[in-house]
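Take a look at this single chain, the form predicted on its own, given in structure tokens.
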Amino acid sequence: MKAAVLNGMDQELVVRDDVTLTDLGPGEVHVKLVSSGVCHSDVSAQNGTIPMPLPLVLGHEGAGVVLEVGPGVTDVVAGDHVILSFVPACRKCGPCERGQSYLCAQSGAVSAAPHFVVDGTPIPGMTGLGTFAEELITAESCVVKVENDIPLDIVSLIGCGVTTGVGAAINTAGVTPGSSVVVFGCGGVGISAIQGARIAGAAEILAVDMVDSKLEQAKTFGATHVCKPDDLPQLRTEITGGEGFDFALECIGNPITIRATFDAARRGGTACIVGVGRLTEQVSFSAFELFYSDKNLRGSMYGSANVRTFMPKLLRLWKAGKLDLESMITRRIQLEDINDAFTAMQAGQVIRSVIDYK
């Protein structure tokens, strides 16, 4: 089968047609991919921001059809349509039992399992998945069954960006009706955070980005105001009277914008960090300001979402016309075009590319 393999950091992906899979084991599911989103976290794995063992098959945002299941699998059967979750929800570990499946303790073991075979050597897929392939094997805990009548290109977006962004606004930050919100970064996750804030009933939503086209797109997804970083102080004054925003969400993963997000939140407000930054990068706060500002500084892992309940809710919102997923797909590609898609994403030309395997 075809798969896109990353052999070394900062290298282009190599699309091969001779990749095979290991045997299907207990508790595992064999999935035929129908669609995969191209997420900025894939680029972050390529450039080393997110450390990954190499070589590996990239891709972590996808949907498909179950081909077969291993012994002991009870959640799905052959023919079921599924979302692939890049964080397992084993329902047995401490975090899962606490209702925090997005912190599932099985993530490390699932991510390390090598299910692809390249030149006779087993290699892993990104986060235990590897959706830049025509088929994959993953743990039962990484699949969420969905209704068969929902288009799988729509379903694939739920696998990462939409769950992360909408979840950050609704679950992590807890945006409230009538509140003011600022979102830094208008890529796929940022656009989803804007939609989450809109769904939660925010009165004002300011989108901040460097790219004019992304700011225009942000308006169509629910932003009431848009600006570039230099104009943020003026908009902050206009919207909040200079007090600051009730909720500020950072969807980039840059120390400068993380600091700006904290500063943009009002005293007693919430700053939510959604973007993935490098392990080596630091953000500084004074001991006094953390005490005096009384702000909530939150990280957001996978939108703080319990995937087995939250992902179906997102699809219900889509069916009700309250969550726009179709407009997020700004480019459809074949697997062979994956490197061009990475380049377009880095240039800010797309919100989300989708690989069509049909």
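Numbering starts at 1 and follows the sequence shown. This one's a predicted model, so the numbers in the text were calculated from it and none came from an experiment.
Here the subject shifts to the form predicted together with ligand APR, a form of this protein not shown in this document.
- The candidate site formed by Ser41, Val211 and Gly275 is fully in contact with ligand APR in the model of the complex, as each residue has a non-hydrogen atom within 4.5 angstroms of it.
- Contact check for Asn171: every heavy atom lies farther than 4.5 Å from ligand APR in the model of the complex.
- The closest heavy atom approach of Cys186 to ligand APR in the model of the complex falls within 4.5 Å.
- None of the heavy atoms of Thr270 is located within 4.5 Å of ligand APR in the model of the complex.
- Pro229 belongs to the set of residues with a heavy atom inside 4.5 Å of ligand APR in the model of the complex.
- Picking from 6 to 14, 19 to 27, 332 to 340, 345 to 353 the stretch near ligand APR in the model of the complex, with a 4.5 Å limit on heavy atoms, gives 345 to 353.
- Screening Ile252, Ala248, Leu157, Val166 for any heavy atom within 4.5 Å of ligand APR in the model of the complex leaves a single hit, Ile252.
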